[in-house]
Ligand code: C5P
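So this first bit is one chain, no partners, the form predicted on its own, shown in structure tokens.
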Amino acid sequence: MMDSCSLLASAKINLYLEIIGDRPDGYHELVMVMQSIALADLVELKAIGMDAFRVRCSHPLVPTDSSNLAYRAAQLMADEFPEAFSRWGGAEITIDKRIPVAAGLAGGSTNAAAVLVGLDLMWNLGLTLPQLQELGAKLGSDVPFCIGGGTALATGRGEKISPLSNLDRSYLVLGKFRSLQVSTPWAYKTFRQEFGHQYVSDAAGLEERRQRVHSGPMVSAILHHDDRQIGQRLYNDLERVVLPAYPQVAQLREVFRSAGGLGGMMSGSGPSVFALAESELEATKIRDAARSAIPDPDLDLWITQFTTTGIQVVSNK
């Protein structure tokens, strides 16, 4: 039994997000290409010798009660493995928040993924990646991807993961207005209202659309590690509803795209926007151009890279 475990929990961006139809469970049928990035939270788990979990986080927007996805991940592990929980007890979960909150970067999901991986190690359960991802799917659509990370095609509501050729070291600039939040349920609901008449509904049609993306230009560009083509093939259906409703997001996307680089897009349901760059120097130029064009102190900007890992164990004792 380990007393503690520290893990880096990577954020993710979408390089491709297509909404293809409705699902019987009320979610949308999606085809996405997901990518882990080096911007990461540090999640520390420490055994406390009692049958309870506690969450600590200094970020004012992160709840520390049972509504936190990391707490729910711990509770799920306790429910699924009662003998291990009874034997080893709970843990204090400390989240050092470096990923911006409510940003469309899967910050909550990757924290939950880190807790699943951490408790698997601390309780010596020996779970496989597919087993961890199956547990993760019970918590949220992004959690299974966050566990494995890298570059992957995600289908279903986002929980069915097919790894792709890993992209590594590509640079990107991320931008988010600190006080701006976009509701993911609102974005999908609005998309359904405006574009639901275009949805594919039959099983054969859904499968055909999934296969079309799998053999399409974006996946081909990834397989060939063609950064320029990846930049040109960026696609996100949710931009069609978020950009008209949030002019700041649209402005930032336009600034990023006109500042050079390989391409820019909103990630997930926003409001984060990213621009791909050929080098750290080019990323710095794009960041500086954005800062100059939008001198708003509410705008946070980061330079980071693609990474091949989702959850990375830093130390365990």
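All residue numbers are counted from 1 along the displayed sequence. Given the structure is predicted, the values throughout are model-derived calculations rather than measurements.
This next part talks about the form predicted in complex with the named molecule, which is not shown.
Heavy atoms within 4.5 Å of the named molecule in the predicted complex are found in exactly one of 24-32, 276-284, 254-262, 57-65, that being 24-32. Using a 4.5 angstroms threshold between heavy atoms, residue 126 stays clear of the named molecule in the predicted complex. In the predicted complex, at least one heavy atom of residue 140 sits within 4.5 Å of the named molecule. The named molecule in the predicted complex comes within 4.5 Å of a heavy atom belonging to residue 185.
Contact annotation for residue 233: none of its heavy atoms lies within 4.5 Å of the named molecule in the predicted complex.
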